[in-house]
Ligand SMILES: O=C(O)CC1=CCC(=O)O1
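One chain comes next, on its own, written out as structure tokens in the form predicted alone.
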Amino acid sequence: MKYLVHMDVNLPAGMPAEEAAEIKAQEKAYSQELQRSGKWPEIWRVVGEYANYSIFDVESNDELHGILQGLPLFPYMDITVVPLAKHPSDVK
């Protein structure tokens, strides 16, 4: 099942720089592991924002929910999930 996911990150203004850097490093490692596994095949930065649009390819809603909750930045994100279906005009 494929999903379009929008993640908007809002770190607290008073978060110490060292703590923010550590969470971002953990997030990068976690997301890159998911990308290598094929579960997170695409990630696109939103220009001028601390946000992204991503494609996830997972087995179920529950699997996606677990992946998103596992993101180190999850407590600081606003997330929107859109389930995707194959378009009948797609030539691929």
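One rule holds for the numbers: they count along the sequence shown, beginning at 1. Worth saying up front: this structure is predicted, and the values here are computed from it rather than measured.
The form predicted together with the named molecule is left out here; the points below concern that form.
Proximity to the named molecule in the predicted complex, taken as a non-hydrogen atom within 4.5 angstroms, holds for one residue of Glu63, Glu42, Asp57, Glu27, which is Glu27. Taking the partner from elsewhere, Met7 is found to have a heavy atom lying within 4.5 Å of the named molecule in the predicted complex.
Contact residues in stretch 58-83 (any heavy atom within 4.5 Å of the named molecule, taken in the predicted complex) are Leu73, Met77.
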